[in-house]
Each structure stands twice: as structure tokens, then as C-alpha cells.
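Only one chain is given next, in C-alpha cells, and it is the form predicted alone.
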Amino acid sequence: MSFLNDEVKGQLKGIFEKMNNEVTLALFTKEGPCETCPETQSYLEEVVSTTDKLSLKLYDLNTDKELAEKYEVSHVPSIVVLDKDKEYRGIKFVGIPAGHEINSLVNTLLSVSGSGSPLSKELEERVAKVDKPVNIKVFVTLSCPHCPGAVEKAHLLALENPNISAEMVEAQTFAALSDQFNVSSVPKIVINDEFEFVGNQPLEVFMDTIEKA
């Protein structure tokens, strides 16, 4: 089964030519029940095949336990995005970033490669002041056209400050997690498992909530 047709692969090839540096995708799966693990691996293999700036590394949640802990991975499939130095920048996709989420995947990869859009000076200063650990979960569905924008913003903030981590969570695959955080509409953003808002809000709203947290 192919996830990307030739037209989409051609588009990705053109987009990825803008990448400044190489990026590695570390995919964590596990042996045993994991309904979307095989398709996530196949999907990423197709994405990676469109450029030599991307590489895919495969890990097992149980046998690569130390690495999973280092990258704060507790669910599979999870995709950890590593920069040109193979460093973890606090950015993950929990679940397959297909459907509309291919947009958040592509734009996140561009940002991690160093070719993303810079923040305004005011926002840059606010993000720089975050001096305590902040986790941002963005719950999405693959059919939601507004979700990728929220994911991209969360990932951008993580990229700007090592105290911030951000993850897309595919709500339907991880139903128990969605129930835990009362996800009834998407994108739902949960900060430090306590503060929340809904919608693809401006970066200022993300920062307002982070500063409360």
C-alpha cells in the first residue's frame, strides 16, 4: 500500500530542497499489539525517500528503553525529530502524521533543518524567559484542517527554548489519552497536563497559557 502518489512525492521533493540541514526521524514502535506501527513506518519510509536530507532510524520502546526515556517516549508509534547533530529538540509526533498532518510534519522538518520562519522579536523575548519545564500536547485528528497550524506553533516554541517540549497526539489512536484530557474537539492544546484551550490560536495565546502554567 502506497500512502503518497507520484504528484505528492514530487511536491515533497521540491519543498525539501529548502532544507538547510539534515534531519533524522527516530521512530519508536514495539513488538506485539500496535495497530498503526507498520503503517507509520511505511509512511515515513515514503516521506524520507523523497530527499537525502532526511533519514529514518527505527527503535523499539522496550529494547531501546534508555533512549526512549531520554526522548520521553511512552507511547507507540512515536516519532522523535532530531536535528543535524542528532540532538533531541523536544519535538515529537505521537501517532501517524498523515492526512492533514502531513503539513505539520513537513513544516516541522523545515524548521528543525533551520529554514523555518523566525518569531517576532517580542515573542522571541517572551519564549526566552521560560525557565521551567513546559510540555505542550496538541490533540489532533487526521481529517482536521485547522490542526496542523496548532502543531506547528507548539513545535516552533519547543525549537526556540530547551525548557519547552511539544508533541502532536493523534486523538483517535490514543483514545485513552484523549479521554484523560477530555478531548471533544480538536485541535485541543494541553499545557503541563493542566492548562488548556481549543483551536489554532495565535502564538500569543500559547504564550499567555504557558506563562500561567
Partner chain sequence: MSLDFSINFAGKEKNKLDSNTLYDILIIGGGPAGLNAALYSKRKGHNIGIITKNVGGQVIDTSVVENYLGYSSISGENLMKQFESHVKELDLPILEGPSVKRLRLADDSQTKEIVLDDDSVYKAKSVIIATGSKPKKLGVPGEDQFAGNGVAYCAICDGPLFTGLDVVVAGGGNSAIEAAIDLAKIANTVTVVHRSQLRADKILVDRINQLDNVEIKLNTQILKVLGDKSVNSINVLDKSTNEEYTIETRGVFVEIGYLPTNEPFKNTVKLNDKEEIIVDKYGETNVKGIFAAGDTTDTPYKQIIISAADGAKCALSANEYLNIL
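Only a predicted model underlies this, so the values are computations on that prediction, with no experimental measurement involved. Positions refer to the first chain, counted from 1.
This protein has a second form, the form predicted in complex with the partner chain, left out of what is shown; the following refers to that one.
- Checking V183, A68, L44, I164 for any heavy atom within 4.5 Å of the partner chain in the predicted bound form turns up a single hit: V183.
- Of the residues given (V130, L82, L119, L110), L110 alone sits with a heavy atom within 4.5 Å of the partner chain in the predicted bound form.
- A residue is said to contact a partner when one of its heavy atoms sits within 4.5 Å of a partner heavy atom; V8 meets this definition for the partner chain in the predicted bound form.
- Among residues of the shown chain, A171 is one whose heavy atoms approach the partner chain to within 4.5 Å in the predicted bound form.
- By the criterion of a heavy atom within 4.5 Å, V205 is excluded from the residues contacting the partner chain in the predicted bound form.
- Looking at L123, you'd find every heavy atom of it more than 4.5 angstroms from the partner chain in the predicted bound form.
- Taking the partner chain as positioned in the predicted bound form, the residues of 144-160 that bring a heavy atom within 4.5 Å of it are, in sequence order, C144, P145, H146.
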